[in-house]
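Both blocks below hold the same protein chain, though in two forms, and each is given as structure tokens: structure 1 and structure 2.
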Structure 1
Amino acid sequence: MRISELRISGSGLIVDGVDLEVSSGETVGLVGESGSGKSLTARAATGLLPKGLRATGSVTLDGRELLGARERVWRSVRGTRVSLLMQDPFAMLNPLRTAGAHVAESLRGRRDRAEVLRRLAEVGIDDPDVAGRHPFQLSGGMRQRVALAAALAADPGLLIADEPTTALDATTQHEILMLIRGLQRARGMGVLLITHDLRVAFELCDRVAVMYAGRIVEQGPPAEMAKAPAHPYTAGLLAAVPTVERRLPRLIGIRGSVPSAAQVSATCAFAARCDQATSECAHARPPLRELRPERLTACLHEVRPRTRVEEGGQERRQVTGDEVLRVTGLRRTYGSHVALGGVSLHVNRGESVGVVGGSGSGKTTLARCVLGLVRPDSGTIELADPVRPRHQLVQCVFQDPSTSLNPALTVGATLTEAAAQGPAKDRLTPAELLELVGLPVAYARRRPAGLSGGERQRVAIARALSVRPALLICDEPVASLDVSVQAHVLELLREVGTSMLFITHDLAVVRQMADRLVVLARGEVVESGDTAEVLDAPAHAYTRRLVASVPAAP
């Protein structure tokens, strides 16, 4: 498949001139943050653009022009020549049909049970009973395998995988990626992998294209790109990716936020956020020039190597003896499902304790119990002070920045209200709180809809801190944020320096944030100890699996 000069516009320009080629037998990664236009590029390449968007340029498959083709032509191409694997395996499968029916539907020629089972075995489902199950009876990883089997049932020459593993656990994510690689090699097909995660793209792809504000800014083999990025944006992203191997003294993000393609159509897309930008960068749009064969960049300059801040030893924070949280024997069941099976842990003052585990490990239920949103079946929760009300002792930063602020209230109103719940002495004003989290004071008048994801999360942190809690619970605070923004939010949380219970599925993040680590699996603590010790030398089999599944840091 060859995509050239692809432009997509709706009410404004969204994708601005993308050129990309995928040959059979090769895996190409298209990497970009949210809003970069990567998913729309994939949708245009399969003729599935949402209503109201128009694409110009050219998409050819084996020399045949597809852009602007009739729906009838597309139907003959989709599934059989090009297949699309999407992010959410639950939404992609019809809940009323069995796994086998999904695969059988797309098979050509033989449609018998033996063939369906063979196809399911190909994606690593050996249990023949699975064919008769419905999507809701399967785990996320199994659903994605079934979806993959269905996508490959008609033997397409090209598989477009749009964030195929984003919704999955780290361990499952690794398995699915390896599965896609194995299938790609065995079948000799082309794969276009679309992802926001550089680590995933580098692990799997032969060639990686980095997209930014609707255009490709750099392209090349992952090994070279990791060693010597040829575009400042790629360099910035690489620096922002947290590593599981060591604790970085400082987490560096990229300042500012992603512009829309229309705003930067006549300049270098990255100029406004670039440390190396010169006046040339703002005058003309730099072309995608060839450095070497297979190595393209849209930067005019030689990229200065980023000075990685050298490890400044683990700066231990002041940990005093008194506890701000002690949980003993916490149990909570939902029907027959055991969410928490007797969990005990404690957090000292000034200490940051990480809680890691896959989905279903009970880590969110633990947080909700401590916050008082869920009543545990048994066990005790002791906070710093038995007299003061719970809401002044523990506060929470929730995962999803799109719902964590009330859309109807201004930022100022939210913060004022929250601060009024704290102790009456030295009450913090919205202006002070905004300053604390590094936002302009003028933001007090805005509503959440006028803020980016990272800014909303900062406001959420300010709201949690407004009552001066003894303990801050962070429930996946950066899981929904782009890498370049993640670093800023994590750095902010470090600076704040309250005692923290930091819940995450991402070992690289927890390495940066936690002094001590508790590993949860199926509602039980399987391992705990000093973060560095646990991650460098995991003792429990589950922890080892978790550590092994982290994509290698570029």
Structure 2
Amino acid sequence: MRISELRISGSGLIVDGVDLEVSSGETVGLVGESGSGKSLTARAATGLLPKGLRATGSVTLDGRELLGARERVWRSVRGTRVSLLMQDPFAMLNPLRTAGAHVAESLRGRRDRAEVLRRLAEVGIDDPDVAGRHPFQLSGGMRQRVALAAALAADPGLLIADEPTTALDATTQHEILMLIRGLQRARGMGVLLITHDLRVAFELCDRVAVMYAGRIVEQGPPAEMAKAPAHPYTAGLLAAVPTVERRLPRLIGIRGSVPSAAQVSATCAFAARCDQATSECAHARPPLRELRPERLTACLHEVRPRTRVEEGGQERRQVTGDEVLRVTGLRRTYGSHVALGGVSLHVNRGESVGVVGGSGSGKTTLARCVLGLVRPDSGTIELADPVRPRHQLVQCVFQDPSTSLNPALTVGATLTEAAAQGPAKDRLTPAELLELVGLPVAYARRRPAGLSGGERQRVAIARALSVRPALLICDEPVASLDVSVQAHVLELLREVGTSMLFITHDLAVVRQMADRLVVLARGEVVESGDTAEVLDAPAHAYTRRLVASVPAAP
């Protein structure tokens, strides 16, 4: 597939002149922050733009022009020549149809049960009973495997995978990515991998294109780009990537946020956020020029070397022997399923304890029990103060801040309402809370819809801190954030200093956040100890598998 001078517009310009090519047998990564236009580029390449948006330029598949073609032409191409695999398999799978029916529907020619089972086995599903199950009866990883089998059933020459593993735990993510790589090599098909996870793109792809504000700003082989990025935006993204190998004293993100393509159509799109910007950058749009074969950049200047932050110990928290949480023998079952099978752990004052494990390991059930949202079958939960109400002792920061922010209320009203639930003495004002999380006081007049994802998460953190809790439970607080925004939010949580129970499936993130680590598998603690010791020399086979699944930092 060749995409040339692709422009997408609605009420304004969204994608501004994208040029991209994917050859047979090649995996090309398209990376960048949310709002850069990655997913709309994929939708334009498959004829699936939302109503109200229009695309100009050229999209050719094996020399055949598709942009502007009638829907019947797209239908003859989709699935058979090019397939789209999306982040949420529920968006691709009909809840009323079985896994086998989804695959059979996409097959060309032979559609018997044997062929359906062969296609499911090709994506690692060897249990024939899965063919008769509906999507809600499958785990997240299994649903994504079924979606992949359906997407590849008609043997397309190109697979466009749009954030295919974002919602999956580390081991399942690794399995799906290795599966896509193996199938791609066996079939010789092209893959366009769209992701905001640079670790995934740089490990899996032959070529990586970096997208910002609707345009490509750099392109090249990942090894060369990691060693010497040719655009300041790429360098900023790479500097923000956490590593599982060591704890960094400081997490560095890019200041500001992504502008719309319309705002920066005549200038360097990154100039307002760039530390190397000159007056020349604001007066003209830098072309995407060739540095050498296969290396392209849209920067006028030579990029300074990447900032490397070395390992340091001075950032560790001041931990006392006072416990703010002790969980002993916690059990919780749902029918025959054991969610928690006797979990015990503790958190000291000022300490951050990480809880990791795959999907279904019991992490979220543990958090809900501590928060009082789920009643355990047996076991005890002891908090710092048996007199104060639970909601004043423990608060939660969720993955999606929209679950804790009322869209109808201003930020100021939300924080005032939350602070009123805490002690009256020394109650924090909205201005003080916003300052605590690094946001302007003027944001008190805004509503959540007027904030970026990272800003909404900062407000959610301020809301949780408003009652001065002894313990903050963070349940995947940065899983849905871009790498640069993630760095800002993690650094904020480290600076706050409140005791934390930090739940995540990302071992690189937990390395930066946790003093001690608890590994859960099928509702049981299989390993615990100092974070560095557990991750550097895991004793349990399950922990070793988790660590081995983490993509290397570029």
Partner chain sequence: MRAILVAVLGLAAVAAVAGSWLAPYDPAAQDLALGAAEPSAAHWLGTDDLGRDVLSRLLAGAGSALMWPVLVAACTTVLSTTLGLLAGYRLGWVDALMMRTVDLAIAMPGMLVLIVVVGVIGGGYGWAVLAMALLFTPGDIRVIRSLTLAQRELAYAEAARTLGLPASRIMFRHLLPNLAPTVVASSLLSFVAALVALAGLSFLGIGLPAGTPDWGLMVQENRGLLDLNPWASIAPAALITVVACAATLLGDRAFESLSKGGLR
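Here, rigid core means the biggest group of C-alpha atoms that superpose within 1.5 Å across both forms. These numbers were taken from a predicted model, which means no experiment stands behind them. Sequence positions of structure 1, starting at 1, serve as the residue numbers.
- The form predicted in complex with its partner chain is structure 1, not structure 2.
- A displacement of 2 angstroms or greater separates the C-alpha positions of D129 between structures 1 and 2, with the rigid core held in common.
- In the core-superposed comparison between structures 1 and 2, the C-alpha atom of S139 has shifted by at least 2 angstroms.
- Relative to the superposed core, R108 undergoes a C-alpha shift of no less than 2 Å between structures 1 and 2.
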